[in-house]
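Two versions of one and the same chain are coming, encoded as structure tokens; call them structure 1 and structure 2.
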Structure 1
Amino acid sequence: MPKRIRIDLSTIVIENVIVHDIPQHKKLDYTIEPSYSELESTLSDGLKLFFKDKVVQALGSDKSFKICFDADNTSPAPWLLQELLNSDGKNFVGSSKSLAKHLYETQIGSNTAGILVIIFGKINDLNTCIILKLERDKGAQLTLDPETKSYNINEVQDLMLTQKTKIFKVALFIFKDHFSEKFDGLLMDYQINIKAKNEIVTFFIDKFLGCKAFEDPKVATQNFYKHTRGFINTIDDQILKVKYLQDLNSYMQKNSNMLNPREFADDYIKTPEEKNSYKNYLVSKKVKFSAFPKDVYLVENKFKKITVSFENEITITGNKGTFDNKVKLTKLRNGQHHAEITSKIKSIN
């Protein structure tokens, strides 16, 4: 078996850089066109280090995530990027202009004007392509050199250092077979609050890059928790629903590095019929019914408490995701529920 090559961001070497200016425009209004550089930028060692540091800082964050090309997506970006990776950066200028044109056509009025920086280089001595999309403040302009018809990368650095623009999207792509990986790249989007989103889908990832979030542990854990809660919410029996929710919260907090929907079903769900319904529900949501590594980063604040609200405006909240031995719920004949709490009173507010 060939040795697996690790993606080490510290080994990034920047070889080629080009800058394109993407204007803001309304949907289907193409009267204002992008300004393309016709030549690569000249890079000093200091500039190479500056942009490498920005890329490593972004993609080394725990908020970055893996992405893969979506075979069902019609974006031309995947084949343009693969062409660059496979050709050692040949036709770098032409391919970069095609990517910039596609970004321009993809954006609509809600997307701000920006600067697109495309980098070709090496990571672990293997080809990589990096895309930076920078949000530009109003009034912050780049100057097109009339002789070279290109933008000077020094001006981009100056804007970034004076905070007139900021990186808000960084994507790195590799040829995955060279790394024995199942994903095509890494992405950091400073505009995405990945803890707050149910799904990681944006125009930049989907429409422009033609990608989708790779099922890495953060995303897989989020999907397992979200869709298991979705199944629990389909249950009519309110007391059973509370039980399964506290079971799920307890399961998420187990001292284990793995999650397994089959294990959860076997340990907590009562009847074979419910277990089968649970399995079918997860499968319908494209959640695999087998073990995977656990990473609770996206959901860690969602299973620390359980709250039961009653129609009479009384609410019971329990910490650590369990009511065991603390709250007894009973269904009454009239359809109401009886809640019994046995404990000392800690405080009254």
Structure 2
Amino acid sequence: MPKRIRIDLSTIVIENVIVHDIPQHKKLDYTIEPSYSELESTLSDGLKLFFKDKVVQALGSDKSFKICFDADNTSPAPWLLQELLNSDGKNFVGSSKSLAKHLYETQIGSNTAGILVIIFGKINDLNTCIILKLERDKGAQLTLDPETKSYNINEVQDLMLTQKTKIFKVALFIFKDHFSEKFDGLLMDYQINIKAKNEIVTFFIDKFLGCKAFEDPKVATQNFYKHTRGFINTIDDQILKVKYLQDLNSYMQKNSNMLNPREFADDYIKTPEEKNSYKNYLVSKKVKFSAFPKDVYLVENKFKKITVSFENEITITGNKGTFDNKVKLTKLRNGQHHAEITSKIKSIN
């Protein structure tokens, strides 16, 4: 079996670029046609590096995740992409037009108009294909009038990417056999991490690219929960341990369809040192420190309650999100803990 290659985003080299313009249109209304490029775009070396920077920034984000082609999906994108990767980019222009046509047909009125940028190049010296969906923008440009020695402001149309803007949708594909990998690519979609899982937010990965998340969300969620709990159990400070456990339970129940260990660390873990330890712990357990789709099916019953057991055989059990407010835990000088509950006794069993 060939040696597994560590995919390094810093090795991306952009070779060919083509751009197609996809207009906004109502569902099944194809009267406004896309504007296809017939030739590759010419990019200076500086612009190629600029695009590379943007792609690496997006895919290097902790919100990107691995994807694989979905065998049950009818999108032609997997086939077109695999053909491109296998043929060293042969028929790059034709394949890119087919991808653009498919995007146009996939989009509905609620999808904004956009520019589809398709890049063929190398990563780790092996073929890669990168797909970016950008939106047209306009801006204001300063020009100095040497005669009046004052600035004029001009409107600039058709801006597609600036130093400050982020790429909102980008996917990178590899031919997995070359890398001895099981996934087909990486995806970064800033708009996918919102509360509602509906067609608008999933069309790019699902309908257009014909892909799904590489890791089974049920298993990934279970691993994240199990090993984050494992990390919490390594903490000596019992009160902090209770806090983090409640935090984990709250995080698991957040109204979001993605989970992200990085986000959990940033939102709940106190110090950079503890965050580093958390990351190292998860990585040592082979849990990826990046986002993945959430599915709590296998762990749902575990984070609904929190139980604190004391050495004197007393146990306190609280429901989700209530423990922190209703049980006051303090550490005593002798190493013991003091628990304070102020309430009416409801029942005794």
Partner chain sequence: MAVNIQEIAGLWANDEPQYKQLGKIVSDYIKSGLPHYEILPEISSRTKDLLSIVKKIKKKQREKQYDYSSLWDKLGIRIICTFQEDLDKVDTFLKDNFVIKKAELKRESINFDRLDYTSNHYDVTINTELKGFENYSKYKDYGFEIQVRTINQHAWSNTAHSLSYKQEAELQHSLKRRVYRLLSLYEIADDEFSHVNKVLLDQPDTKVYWLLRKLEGKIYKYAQMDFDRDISLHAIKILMSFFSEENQKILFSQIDTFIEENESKIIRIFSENRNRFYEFPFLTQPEIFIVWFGLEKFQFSIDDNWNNEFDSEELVQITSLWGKIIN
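By rigid core we mean the largest C-alpha set that fits within 1.5 Å across both forms. Note that the structure is predicted; figures quoted are calculated from it, not measured. Reference numbering: structure 1, starting with residue 1.
The first of the two standalone chains is derived from the form predicted on its own. Once the cores line up, the CA of Lys182 ends up less than 2 angstroms apart between the two structures. Relative to the superposed core, Asp295 shifts its CA atom by 2 Å or more between the two structures.
The Cα shift for Lys122 between the two structures, taken after rigid core superposition, is smaller than 2 angstroms. Core-based alignment between the two structures gives a C-alpha movement of 5.4 Å at Thr162.
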